[in-house]
Structure formats: C-alpha cells, structure tokens
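Single chain ahead, by itself, as structure tokens, in the form predicted alone.
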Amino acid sequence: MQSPRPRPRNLRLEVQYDGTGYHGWQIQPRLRTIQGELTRTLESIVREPVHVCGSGRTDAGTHALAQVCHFHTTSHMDSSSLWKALNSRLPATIRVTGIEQVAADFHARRHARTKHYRYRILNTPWCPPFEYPYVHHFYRILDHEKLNRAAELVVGRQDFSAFCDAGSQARSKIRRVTSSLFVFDTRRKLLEYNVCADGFLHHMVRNLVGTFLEVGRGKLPVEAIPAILESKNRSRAGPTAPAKGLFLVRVFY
C-alpha cells in the first residue's frame, strides 16, 4: 500500500535584496533576477519544483528592505533549517530575514493591503562612491517646501495614468495613496520620499519623484500636479527617476 503524499505547506518569506546587477524581481530567460535566484536556491534545497510568488514586481536595479513572497512545498525540513540553508546558498546580495508557515490560502500579492516605498535623493555637488548605488544624485538646488506641497497633492484615490509607464497593461490605473511626503536630512543633504498606497503602477513611484524634482527645481509649479493627474497623459509629467534610489520598505497585510 502506497503511503499518502505529504500535504504541501505554505511558507512565507521576508526578503532583503540589493537590486544592483539584477534585472528586477520577475524571472526572465537568461537574465539574473531575484525571483530566479530564490527559485533556483529553494529547489536545490527542497529537491522539488517550487513557484515563488512575490507581493509585487520590483524594477531592474530597485532594492528591497522587506519584500514578501510565498511558496508551497512538501518538504519536511523545519523552517529554521531551511532559513539557514537559504542564507548559506543565496548570493550575498539577497538575504531571507524571516520565514514562517502560513495558512494554505495565503497569497503574498493578492492579500497585500498597503505597500510602502522609499526613494532616496542625494542633493550634493558630488556623490560619494559608496552612496552611488543607492541614491539618485541630484545636484541642482531644490526648494524643500515646494517638494512637500507637491507630494501632498497625490494623496487620495485617483487615476495615476499620467504617472504610469505608457506600455502598462494594468486594467485600472486607479490607486489609493494614503501617505506621500519627503523627509529631509539637512546635514547629509539627503532627501527621502516616502509613499504608501494600496498598489503601484509600473514606474509610478519613479515618475512621481521625477515630476516632484521638476517642481523642486522650479521647472514646474506646484499647481501643475492636479492638472497632470487630470490629464491622464504620461507626457505631461516629469522624467522617470533612476531605479537605484528606490526601496520597497514594507508590505502590510
């Protein structure tokens, strides 16, 4: 008599990564990605095919402090041993910071309620080499008051078509932004834009930052933000800020 097949467990991972040198989260043929590295490493440990599902896709070069993902496995390896095995085999630029068994129906993407992104801008004449991979170096003079006034204008449930990549396949461009503000470290000349929303469109945060910087340097008036939103026209907004300044900070469930 055949023994019954083990019942799959659903394991939730919290992951940090330095996105430099990766082609984003999603697996792509012949390209190095975060999802690809996690999948390859997990399969080498549990010795069965797995599908790693993340809370969302991050762009090439974007970093994460606490990306959430899940996968199902029939492996009996306890969570602590799996955690140690993962961090001993993953590249040094990817680390699992937490692992736990969750309900069978938990889904990292579908159950996410709010995501918090942070964008870092170094507003100095030159950029130290050790900061370069993790900030957008912007040397022009910026008006901090205008930056925060502009950021406040995107709070609420609105159509963000004007701040979405033109080729996006998203069926709805409506998102609810619950918080949008800049934090200034005047000693280090470091600006951090923090934004929380129920979801983000492709390049949405980077397009918002690029537009706010145009306001901060005086190329756009603060009052242009509502008009850009209303236009639903990507060409009305500012440039896309580089990916390397962007961090996924936390996913709330």
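Predicted, not measured: the structure shown is a model, and the values here were computed from it. Position 1 is the first residue in the sequence shown; the rest follow in order.
What comes next is about the form predicted together with a further copy of the same chain, which does not appear here.
Do Phe106 and a further copy of the same chain share at least one heavy atom pair within 4.5 Å in the predicted bound form?
Residue-level check for Phe106: no, no contact with a further copy of the same chain.
With a cut-off of 4.5 Å between heavy atoms, is Gln16 one of the residues that contacts a further copy of the same chain in the predicted bound form?
Result yes; Gln16 sits at the interface with a further copy of the same chain in the predicted bound form.
Report yes if any heavy atom of Cys127 sits within 4.5 Å of a heavy atom of a further copy of the same chain in the predicted bound form; otherwise report no.
Judged by the heavy-atom cut-off of 4.5 Å, Cys127 is in contact with a further copy of the same chain in the predicted bound form.
So, in the predicted bound form, is Ala64 in contact with a further copy of the same chain at a 4.5 angstroms heavy atom limit?
Residue-level check for Ala64: yes, a contact with a further copy of the same chain.
Which of these stretches, 71 to 79, 156 to 164, 93 to 101, 110 to 118, has heavy atoms within 4.5 Å of a further copy of the same chain in the predicted bound form?
Result of the contact check: 93 to 101.
For a quick check, can you give me the residues of 220 to 253 that have a heavy atom within 4.5 Å of a further copy of the same chain in the predicted bound form?
The stretch 220 to 253, when checked against a further copy of the same chain in the predicted bound form, contributes only Phe247 at the 4.5 Å heavy-atom cut-off.
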